[in-house]
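There is one chain below, alone, in structure tokens, taken in the form predicted on its own.
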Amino acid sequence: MDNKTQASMNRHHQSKWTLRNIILIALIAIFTGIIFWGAGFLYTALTVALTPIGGAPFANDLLMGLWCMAGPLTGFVVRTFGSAFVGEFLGAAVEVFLGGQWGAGAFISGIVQGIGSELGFAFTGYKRYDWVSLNASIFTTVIVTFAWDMIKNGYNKFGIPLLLALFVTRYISTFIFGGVLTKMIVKLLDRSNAFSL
């Protein structure tokens, strides 16, 4: 995306809470919620496959980027305060209503992941929508969710080498799904003139 296109998107797509944006967030949430629901089956398969070699904890971190993609995507597309949080939380809500294996616990995960995603955009003052803000969102998502897993999933009992390996795995996963994939989707939306609708 060239500077002219980026400037145009910043000018025409720095958003407020409009009906159009609420519908867009809902559509993103439905799309990602279905992905979250499907990732539950993938998580189970990965856990079973990795358990014999002692790698079961990696299943969570390999898929974390997939489970957190709604926040960076929504925050980058609907450029306003709270959109990353709402997108992630509503995605988790869709997963719950589809009967995801985590049950109502996914609501809590959605809150934690949404806060993580939102913080990155907050740190840039909701004024930058480029790799800087996206990477900030990715980094804060990884930090917040990893801290949550230290409490919730017993990561605090793991040794330092395993923790470092899990953290790096989570960062790579979140970078791919929340960063690279988000940029690709936004580029496709830009080419289709969806931002001018």
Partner chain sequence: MNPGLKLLLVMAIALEISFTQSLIVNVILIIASFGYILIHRISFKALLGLILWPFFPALGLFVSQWLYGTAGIHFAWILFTRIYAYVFLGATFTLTSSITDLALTLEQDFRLPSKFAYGVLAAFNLMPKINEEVKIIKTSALMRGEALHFWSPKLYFKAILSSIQWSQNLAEAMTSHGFVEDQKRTHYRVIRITGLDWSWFIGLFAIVQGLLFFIRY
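Residue numbers count along the first chain shown, from 1. Computed from a predicted structure; not experimentally measured.
There is also a form predicted in complex with its partner chain; it is not shown, and the following applies to it.
- For the candidate set 171, 146, 43, 129, a heavy atom within 4.5 Å of its partner chain in the predicted bound form is found for exactly one residue, namely 43.
- Within 4.5 Å of some heavy atom of its partner chain in the predicted bound form lies at least one heavy atom of residue 162.
- Contact check for residue 103: a heavy atom falls within 4.5 Å of its partner chain in the predicted bound form.
- Although the partner is absent here, residue 107 is a contact residue: one of its heavy atoms lies within 4.5 angstroms of its partner chain in the predicted bound form.
- Put simply, residue 167 is far from its partner chain in the predicted bound form: not one heavy atom of it is within 4.5 Å.
- Scanning 19-44 for heavy atoms within 4.5 Å of its partner chain in the predicted bound form gives 19, 20, 22, 23, 24, 26, 27, 28, 30, 31, 32, 34, 35, 36, 39, 42, 43, 44 in sequence order.
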